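Shown below, as structure tokens, is a lone chain in the form predicted on its own; questions about how it binds or moves come after it.
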């Protein structure tokens, strides 16, 4: 029997503030990431997770066999800007609760959405190589953060996100795309520099926030179930668009920033302010 959903209570949760402790904020700023428990209830994750999952499988175009895929393609199914595809997905992506956490962790006055993306690692899906997200973004300031929201408990065999602590402040590897090369080169460099790696499971309701230049990776999914994750990328609402430095940034400038002028704020309809003081 299907249980009736109290939609009003779910929406209330997405709008209600989550108290970020001073310790969590200090940890984020020093280490470049933080994991927070009980940010979202099982009810919210179930309801919106079902909607996101339906969208992912409806919109996915990557259908070739796993053995024929590149390393990047084996890492996950990647579907972006679900908020523009479905009104309920928009409710989740536009969560004031999550946007305020991002604002407080960065210590800014508010945040805009860069874009959302669902990252579904299929059973037998491969590793996600070491990389830093901001390599792809034509943004002048490092005041960017991604929230990584597992839609189920994520044990080690599913490939939870792992973080190289304090790596947001180093210049190594900022010129390399996610690839077999980035996995090998960054593994060597991070080990040489003695960066501690936090590689631990995620409980249901636990989410992480990591800075744009924090190096991270994820192991393969050796379980029999898909690892379902939703993410949103936030940027300081006063962020500035920078001149694209590579072909990926050029594509991002067009796709996610609506080709807004270099040197201006990203104020197009694609980049709404989700929280401001």
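Worth saying up front: this structure is predicted, and the values here are computed from it rather than measured. Residue numbers count along the first chain shown, from 1.
The form predicted together with a small molecule exists for this protein as well; it is not shown, and the discussion that follows is about that form.
- Proximity of residue 237 to the small molecule in the model of the complex: non-hydrogen atoms within 4.5 Å are absent; the residue sits far from the partner.
- Although the partner is absent from this view, residue 148 contacts the small molecule in the model of the complex, with a non-hydrogen atom inside 4.5 angstroms.
- In the model of the complex, the small molecule lies farther than 4.5 Å from every heavy atom of residue 116.
- Put simply, residue 221 is far from the small molecule in the model of the complex: not one heavy atom of it is within 4.5 Å.
- Annotation: in the model of the complex, residues 128, 131 and 231 each come within 4.5 Å of the small molecule through at least one heavy atom.
- Of the candidate stretches 140-148, 185-193, 107-115, 93-101, only 140-148 contains residues with a heavy atom within 4.5 Å of the small molecule in the model of the complex.
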